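This document starts with one chain, in the form predicted on its own, laid out as structure tokens.
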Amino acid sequence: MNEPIKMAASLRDLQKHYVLKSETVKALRGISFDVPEGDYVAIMGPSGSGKSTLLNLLGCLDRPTLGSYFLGDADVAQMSDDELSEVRASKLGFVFQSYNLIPQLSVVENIEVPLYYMGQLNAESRARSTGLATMVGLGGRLGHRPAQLSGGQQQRVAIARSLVNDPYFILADEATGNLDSVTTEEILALFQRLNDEGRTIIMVTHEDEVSQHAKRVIWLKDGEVQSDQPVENRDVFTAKRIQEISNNAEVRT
């Protein structure tokens, strides 16, 4: 008998309303979808479609007006601010367009930041952070600070940081938006490698070329899901190509 599919996230009739000058703006109008563990989802849509609002809800930076959002088995919509903060630190991994690294910290220290907020800094956490830095190709740059790294290297630090707390999923917000085409390919190959290893990825992007690396695309319009379709002809890297891209990245650094 097959085991039931585990969900990293489940949204049911998710709504978000804002009151602006006594007028109610319905940013999300009833969003429902599931993200099974190991999925790779791209969220797209025009300006004003609700992508940013949905991103804030998925990242536990805000809570819905109506509806439910289950992260694993926990209904995030019912959590207090303190509980949301704890979930952000312990259950989610974030990768932003602007990297959001702390300039004064080294590579390995930046990777450790989520563990610091969880009160888990120790020899074991340092070993884990060092291992993740090596995994993303920065094992020789542990002591470097962000200003000493290229944009692609900084994004690799951010990806390693997003993994350090073993999250339900990685939430990537325009993660390749500041990168050139060669570095974008490197980061997308790294995301695919992580997904091939079982990591769940939810990626917000406005670039069709980037979305084609996902397994499915959810298209938003006017605060609603207009379509939720598998990517028919995925732009998939082979294991050999991923290794070639990784090797080239190391040579460039």
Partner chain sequence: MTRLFRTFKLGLKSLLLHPMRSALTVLGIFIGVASVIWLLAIGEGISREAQRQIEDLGAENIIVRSVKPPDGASGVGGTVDDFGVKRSEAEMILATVPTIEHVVPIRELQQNFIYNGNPNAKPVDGRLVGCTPEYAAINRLEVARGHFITHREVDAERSVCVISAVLADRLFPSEDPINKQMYLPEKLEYFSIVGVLKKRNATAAIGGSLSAQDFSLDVYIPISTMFQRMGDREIKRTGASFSISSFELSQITIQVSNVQDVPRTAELIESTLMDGNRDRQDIAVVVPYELLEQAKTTRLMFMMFMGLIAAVSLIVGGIGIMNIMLATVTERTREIGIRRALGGKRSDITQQFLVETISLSVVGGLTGVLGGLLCPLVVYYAREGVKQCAPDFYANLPEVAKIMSPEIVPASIPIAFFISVVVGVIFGIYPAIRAAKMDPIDALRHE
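Numbering follows the first chain given and starts at 1. Treat the numbers as computed from the prediction; the structure is a model and nothing was measured.
Although not depicted, the form predicted together with its partner chain is the subject of the following passage.
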Which of 216 to 224, 196 to 204, 60 to 68, 39 to 47 has heavy atoms within 4.5 Å of its partner chain in the predicted complex? 60 to 68
Its partner chain contact at Asp81 in the predicted complex, heavy atom, 4.5 Å: yes
Does Arg126 reach its partner chain in the predicted complex, with heavy atoms at most 4.5 Å apart? yes
Does Thr184 reach its partner chain in the predicted complex if we count a contact as any heavy atom within 4.5 Å? no
Would you check, heavy atoms only and a 4.5 Å threshold, whether Pro114 touches its partner chain in the predicted complex? yes
Decide if the three candidate residues Ile102, Leu121 and Arg145 all line its partner chain in the predicted complex, where lining means a heavy atom within 4.5 Å. yes
Can you name the residues of 84 to 112 that have a heavy atom within 4.5 Å of its partner chain in the predicted complex? Ser85, Glu86, Arg88, Ala89, Phe94, Phe96, Ser98, Asn100, Leu101, Ile102, Gln104, Leu105, Glu109, Glu112
